[in-house]
Ligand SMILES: C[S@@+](CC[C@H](N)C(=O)[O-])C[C@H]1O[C@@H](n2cnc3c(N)ncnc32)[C@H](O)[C@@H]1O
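Shown here is one chain on its own, the form predicted alone, set out as structure tokens.
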Amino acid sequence: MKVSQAIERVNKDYYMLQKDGTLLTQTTRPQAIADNLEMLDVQEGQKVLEIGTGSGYSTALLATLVGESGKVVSIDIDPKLTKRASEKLKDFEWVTCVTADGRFGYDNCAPYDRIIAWTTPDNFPNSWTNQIEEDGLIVTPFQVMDIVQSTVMVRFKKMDGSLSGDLVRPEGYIPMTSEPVVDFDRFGPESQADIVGEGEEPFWIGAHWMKDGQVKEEWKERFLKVKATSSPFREDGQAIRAYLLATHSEGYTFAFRPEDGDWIGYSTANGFALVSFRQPNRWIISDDEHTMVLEKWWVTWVGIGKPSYESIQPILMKDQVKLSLKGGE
């Protein structure tokens, strides 16, 4: 069965809405669920381990995809969620909801044909590698750089006992925890930023060079005051993000200003050149030197065919996931 067919059969409001009609906090966007289930490529009769039960909506979709001949084990760290989901999913007799730490998987029902996570582990769990079948698929979010807003969805296939990555998508989810999450606000982008302003909606910035904390006030002031102007680039920053994450470019920076949103590009302790993440032909620049570096990145990206997520692959390095251009361009 196709994911689109499963979506037509499952009433998302039944799972996502609370008794008072409000959306359950632990709810993933339906489109993100659909996209990531496409990555998982679930087949009828398979056994699936889901990490992060949440509302139970994605669990119901998985149960529909595997059918009565399959099996879905869904685990969540929050007992209230697993209890609620168990009640909601009682008609799916082939679904088991368990309260557990997703980093350890669930060995009792292993091995699995598919494993999917809706929350981001700090390290890639060995338990998942051990519990997935040969030729099985694992789909999980992972932060591929130690910089804010660098989490993507990755897919690995077990081949000859090892995991080989083949797909990357731009979605991201909150960090995996060992205790139920009460305050979701603490997982906002600013929680991982290296510089954070003040107020209800502060500016924030992340870059490797900022991690020693020695950022001059003049740099922050310039970043906040410089006006956005037209850039020579047709695309917005979303278009080049995958390439920058895969090439680990020195000075890679992600930032946010309340008045005009997200920015991505290049910076050092002496300045910056950043393009708007969502608006094409817009940038904020401090000087010619940094502008030239960003322009060089852009020219290189264009010259090799504007690689996007389809052109990069995840690589498992010990317990961390990194990205690389396919073919080593």
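The structure displayed is predicted, hence computed values, not measured ones. The first residue of the shown sequence is 1; numbering continues from there.
There is another form of the same protein, the form predicted together with the named molecule; it is not shown, and what comes next is about it.
T27 is the sole member of T27, Q279, Q43, T291 with a non-hydrogen atom lying within 4.5 angstroms of the named molecule in the predicted bound form. Exactly one listed residue, out of Q149, S231, T119, Q131, brings a non-hydrogen atom to within 4.5 Å of the named molecule in the predicted bound form: T119. For the chain shown alone, G265 is not a contact residue for the named molecule in the predicted bound form, no non-hydrogen atom being within 4.5 angstroms.
In the predicted bound form, at least one heavy atom of I174 sits within 4.5 Å of a heavy atom of the named molecule. When contacts are judged by a 4.5 Å heavy atom cut-off, T64 does not count as touching the named molecule in the predicted bound form. Contact between V275 and the named molecule in the predicted bound form is not found at the 4.5 Å heavy atom cutoff. Here the chain stands alone, but in the predicted bound form its contact with the named molecule, taken as any heavy atom within 4.5 Å, falls in 27-35 among 266-274, 281-289, 27-35, 296-304. Contact check for G54, I77 and A100: all three have a heavy atom within 4.5 Å of the named molecule in the predicted bound form.
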